[in-house]
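Next come structure tokens for two forms of one protein chain, structure 1 first, structure 2 second.
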Structure 1
Amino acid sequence: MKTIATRIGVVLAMILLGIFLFISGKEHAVFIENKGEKYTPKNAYYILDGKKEVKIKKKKKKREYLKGVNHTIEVRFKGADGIEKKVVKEFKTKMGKKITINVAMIENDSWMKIEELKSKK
């Protein structure tokens, strides 16, 4: 009886560990685009979660993969007036959602677009 209880305990511990690793290590695809409504900078630079700085050209879109829930993006670009601007924003990723961040509009409220992912049937 003691052996069966030990085995059940080990199986439950493995299931809980699997759930924890699935939630904490889930990769999320985040799309970064440089396409503004009124003004689009020629080049913009962004840093996701303190990693390497990435350059994105005018009207281009890149895909990044992030792990976890809470993230930070730092964007640097030249504005329409020629002054270099630096903006830091925080955002959260959720399962089943597609996130698109527009670095050209990061100073506005519409800098991030969240869409439901369509399931394959």
Structure 2
Amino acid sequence: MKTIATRIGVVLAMILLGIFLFISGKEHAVFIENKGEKYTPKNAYYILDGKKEVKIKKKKKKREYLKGVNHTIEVRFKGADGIEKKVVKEFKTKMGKKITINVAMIENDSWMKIEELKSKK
């Protein structure tokens, strides 16, 4: 009885570990765009999860791949008043959702757009 309980325990622990690894290791595509409603900076720079800085030109869109659920984005650009701004935001990725981050609107509430991923069929 004790052996069976141990074996079931090991199997359950493996399943739980598997689920944890699946969630924490899952790669998500995140779209970064630089297209504001009122003002769009000529160039913006972003750093995802502390990795290297990437430049994104006006009205361009880039695709990035991120691992896991919790992320941070650091955005740097020149505002309409010519002053350099630096904004850091936290966000979460979810399975089956398409996330688009607009760096031009990073200071607004609508900086992130979450949509359902379309079926591939």
Partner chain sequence: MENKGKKFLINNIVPIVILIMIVMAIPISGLSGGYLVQEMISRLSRNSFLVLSLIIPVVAGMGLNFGIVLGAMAGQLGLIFITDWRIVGMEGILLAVIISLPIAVLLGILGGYILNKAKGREMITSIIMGFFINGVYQLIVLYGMGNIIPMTNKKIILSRGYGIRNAIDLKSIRQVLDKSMVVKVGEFTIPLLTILIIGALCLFIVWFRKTKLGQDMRAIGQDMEIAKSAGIAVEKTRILSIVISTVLASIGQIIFLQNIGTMNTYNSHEQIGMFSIAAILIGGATAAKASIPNALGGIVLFHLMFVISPRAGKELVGSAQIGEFFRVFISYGIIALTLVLHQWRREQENKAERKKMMDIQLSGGEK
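What we label the rigid core is the largest C-alpha set whose atoms superpose within 1.5 Å from one form to the other. As the structure is a prediction and not an experimental result, all values here were calculated from the model. One-based numbering along structure 1's sequence throughout.
Asks: Which structure would you label as the form predicted together with its partner chain, 1 or 2?
Replies: Structure 2, which is the form predicted together with its partner chain, differs in this respect from structure 1.
Asks: Following rigid core alignment, is the displacement of the Met112 C-alpha between structure 1 and structure 2 equal to or greater than 2 angstroms?
Replies: No: Met112 shifts by under 2 Å between structure 1 and structure 2.
Asks: How much does the C-alpha of Ala13 shift between structure 1 and structure 2, in angstrom, given a rigid core superposition?
Replies: A shift of 6.4 Å at the C-alpha.
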